[in-house]
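This document starts with one chain, in the form predicted alone, laid out as structure tokens.
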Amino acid sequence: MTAVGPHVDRPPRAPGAHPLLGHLKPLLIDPLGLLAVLPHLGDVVELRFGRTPTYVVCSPEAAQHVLRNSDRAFDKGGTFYENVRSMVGDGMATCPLARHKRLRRLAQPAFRSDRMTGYAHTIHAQVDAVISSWRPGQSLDVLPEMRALAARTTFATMFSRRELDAPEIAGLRQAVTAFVEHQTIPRMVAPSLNRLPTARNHRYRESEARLLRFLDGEIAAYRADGTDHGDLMSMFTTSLDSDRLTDAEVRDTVVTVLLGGITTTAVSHAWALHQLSLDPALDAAVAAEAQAAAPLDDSAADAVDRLPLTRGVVAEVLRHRVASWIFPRVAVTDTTIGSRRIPAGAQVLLSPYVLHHRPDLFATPDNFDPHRWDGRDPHRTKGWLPFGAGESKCIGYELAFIELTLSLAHIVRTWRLLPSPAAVRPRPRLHLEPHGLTLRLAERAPH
């Protein structure tokens, strides 16, 4: 338990609260605008939703304190996580920290650096299969297209022994994509919405049931086979010691990886292509780098090292338009964050978006500038938290960064994507999505 000493104060409250609804209206109308003003008020700022206090963390030091949770004062709990577990299971993204350490230890071998090259080759093949079907002049609805691509690459790295274009797997990928698109903040806050007799809910339940039946069958098949196919599922279903993931834990872990891999990767890819479409000079430079570095068939780490500008674009996308823009924790005891008192049971919101747009951490934060990462390791940069931090940091962060970098290079060395005819704006749903993004394809001339 964290001792609460005599020299602590309540966090300041953000202005504009309604007497009954608190800050609910501004959160629904303009959540990014609401968050933007909070760092000017303090490192921890109170919001009100009805009578429930919620505290938003606005400094990197405070965020690290909560995420690293050295005193176990904060956990993944409360109504939000309970509701999310009812929809996506009790995997590493949702389980309490008491269970997380064991799950992470048993799943970690699947994400060792020495396995990344095999995954990268698999990803390359799937990206090539998708972009080879594109045609000059074609208009892409970018986010759904990137979801389909991410579903394909995630399935390939998870189940390499399966033929992705087989009717069963192709249909399953579509079902998983529909399952992903169903995950919204209102449905996770109020899962009773999923029980309404609507056509969308019926499709969701069918997609969920189909996915779980498939996973149960795959777990049994991988257990019986015992062969390392070089994919994630092989590692999840085997163990080097007497302890191993149970079938239920494997299923929840796979759902976590599938949903995380598809949602965040697709959104980040879409934002990257949007940014390149707006800046012809940057687009040409990234394409020239990718063409000069091809073929990227050596080790994953070496391939990424040969793409410093592309890597900078990815790091900047993960800063400027971070997909996981906000997520909660709950105080499990009376505690403090810095000099601010946090009562037990209070909800604490962490927003990478807030940190990524602090001008004292990132100069001209509203500008998209991949060169801010020249010679700089984003993973060691204060305040850059697209994958979280501490024990609950995304287990697949290295794979995600490699996939985004190599896939982007593979796309832009072949295709130029011309700007969207309509205004594109960020839409804060469960992830920070680009709304209204369509791009037109043009063939890339070789350099």
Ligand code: HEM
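Residue numbers run from 1 along the displayed sequence. No experiment lies behind these values; they were computed from the predicted model shown.
Separately, the form predicted together with the ligand exists; it is not shown, and the next lines address it.
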Just to be sure I understand the contacts: of Ser351, Thr264, Gln347, Thr177, which is the one whose heavy atoms reach within 4.5 angstroms of the ligand in the predicted complex? Thr264
Within 4.5 Å, heavy atoms only, which of Ser324, Ser207, Thr336, Thr237 is in contact with the ligand in the predicted complex? Ser324
Each of Met92, Ala400 and Leu404 having a non-hydrogen atom within 4.5 Å of the ligand in the predicted complex: is that the case here? yes
Could you tell me which of 409-417, 28-36, 385-393, 42-50 sits within 4.5 Å of the ligand in the predicted complex, going by non-hydrogen atoms? 385-393
Contact between Arg340 and the ligand in the predicted complex at 4.5 Å, heavy atoms? no
Check Gln275 for me: does it contact the ligand in the predicted complex (non-hydrogen atoms, 4.5 angstroms)? no
Contact label in the predicted complex: His100 to the ligand, heavy atom within 4.5 Å: yes
Contact with the ligand in the predicted complex for Leu318, defined as at least one heavy atom pair within 4.5 Å: yes or no? yes
